[in-house]
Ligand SMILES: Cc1cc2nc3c(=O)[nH]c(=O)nc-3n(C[C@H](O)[C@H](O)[C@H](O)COP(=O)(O)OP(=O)(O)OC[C@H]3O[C@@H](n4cnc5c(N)ncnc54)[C@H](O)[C@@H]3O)c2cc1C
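Shown here is one chain on its own, the form predicted on its own, set out as structure tokens.
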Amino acid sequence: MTFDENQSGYDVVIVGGGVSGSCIADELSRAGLRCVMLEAGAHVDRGTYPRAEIDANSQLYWGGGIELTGDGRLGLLRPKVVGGGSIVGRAVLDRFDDLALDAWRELSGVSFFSRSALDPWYDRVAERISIRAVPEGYRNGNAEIFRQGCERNGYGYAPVQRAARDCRYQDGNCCIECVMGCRIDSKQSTAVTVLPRALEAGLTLVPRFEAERVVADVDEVTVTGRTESGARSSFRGRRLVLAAGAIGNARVLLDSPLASSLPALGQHFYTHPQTVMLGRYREPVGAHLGPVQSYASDEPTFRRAGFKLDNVFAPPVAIALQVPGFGAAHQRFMRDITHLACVEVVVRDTNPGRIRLGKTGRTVVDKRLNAEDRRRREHGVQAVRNIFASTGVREVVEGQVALGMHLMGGCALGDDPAVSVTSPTFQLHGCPNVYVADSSVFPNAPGLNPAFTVMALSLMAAERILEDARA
């Protein structure tokens, strides 16, 4: 195989153009390192974001919108676009609490899993983006049902903090499009914050390129893959950053010589399984109007019980996937979509899954809920039923498809190579020129939105890479 001068000689090759890859590319490129970022998805912007939900599903996600676990019981939502989850997500930012970080520290043996150690890195992220809650006057009917229901049942709740600036709600903007990209660039995705700076500093971005295999030696790393047309190519660099998420990172490594020296590779996979609860009301709710996510539970008993509630609404195709029945029965419910309220039950799952390669070489994810996970889910479902019942609901429907929206683990960070993949310095055990810092390094499920912590860890990893490069 031949290489041209544009494909070799990089200081750093970055696989994955999502939140972690973009943050690291920004830091390294502005420090003067020659970087290339390889992303399987397209590079879209406010002028080219899909406008129809069905188009967004097919263009911005793997699997045409949803992938299934090996037994088909859990649907996985995995972004496939430059900017990753910051494009298709709701931009919710949670700082992890002691409950999450104490468990991580105990599992991993890593001392910086603490609020005192991570808060300065959260602060550094917060300095670079706008973070705010939805103004009270613009919270919609779904938010009002959630607020009233929580108060009547004695549940704690709080406005969610989002990476957003002026959403111009006064102009009638409907944020149900948030999962398709933000047409006014209010959402502070990495594609509109850190990535433009990285490109200006010299980053080479290669979209629609799927990395498939990694070969690493002492002096150089080679990443081989293919373009959307099927043409094969390779990129070489002194260092490699894997930032393709839990499934993407595991897929590349499992098909590489490095896999034989990483016994925990693909293990400890978590998803925060989510159950959609729909309530049908006599009067219109308007959950699809204005900001579609304003509140989340802030209830200590829920947190200790292993679940939280999100006040959020999805576009019609996603709602139709959750509504039971066929034909007229399904149509009856969908005709009342403007009368629906929605709350998601998010489980902090305890049963780890596994990412592996199947017989044909395709990625297979084995992941199921155990008895404890199901118990947590049922407690959350009952809490939502209480919220709906206290606010005059006519009918409650439990969603038909459990979803995994935060894909974590597979390259767990820790000090023991027997049970972890990534070292406390964000380097693969036994391979110091390969780094990982995205959600794939999570030791277990934190039970909170991972985006803020991914950004904080990515800044930590970028500093480490720069120290190594200078040395």
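Not measured: the values here are computed from a predicted model. Numbering starts at 1 and follows the sequence shown.
Not pictured, yet referred to below: the form predicted together with this ligand.
**Q** All three of Trp62, Lys80 and Val92 touching this ligand in the model of the complex at 4.5 Å, heavy atom to heavy atom?
**A** Every listed residue reaches this ligand in the model of the complex, so yes.
**Q** Since exactly one of Leu340, Leu195, Ala143, Val252 fits, which has a heavy atom within 4.5 Å of this ligand in the model of the complex?
**A** Spelling it out, the residue with a heavy atom inside the cut-off is Val252.
**Q** Among Leu38, Leu33, Leu413, Val434, which has at least one heavy atom within 4.5 Å of this ligand in the model of the complex?
**A** Partner contact (heavy atom, 4.5 Å) among the options: Leu38.
**Q** Among 44-52, 424-432, 399-407, 66-74, which stretch has residues whose heavy atoms lie within 4.5 Å of this ligand in the model of the complex?
**A** Every other range fails; the passing one is 399-407.
**Q** Ala451 versus this ligand, in the model of the complex: is there a non-hydrogen atom within 4.5 Å?
**A** Judged by the heavy-atom cut-off of 4.5 Å, Ala451 is in contact with this ligand in the model of the complex.
**Q** With the partner left out of view, is Gly85 within 4.5 angstroms of this ligand in the model of the complex by any non-hydrogen atom?
**A** So Gly85 counts as contacting this ligand.
**Q** Taking any heavy atom pair closer than or equal to 4.5 Å as contact, tell me whether Ala383 reaches this ligand in the model of the complex.
**A** It does not: once this ligand is placed as it appears in the model of the complex, Ala383 has no heavy atom within 4.5 Å of it.
**Q** Please check if Glu210 has a heavy atom lying within 4.5 Å of any heavy atom of this ligand in the model of the complex.
**A** Residue-level check for Glu210: yes, a contact with this ligand.
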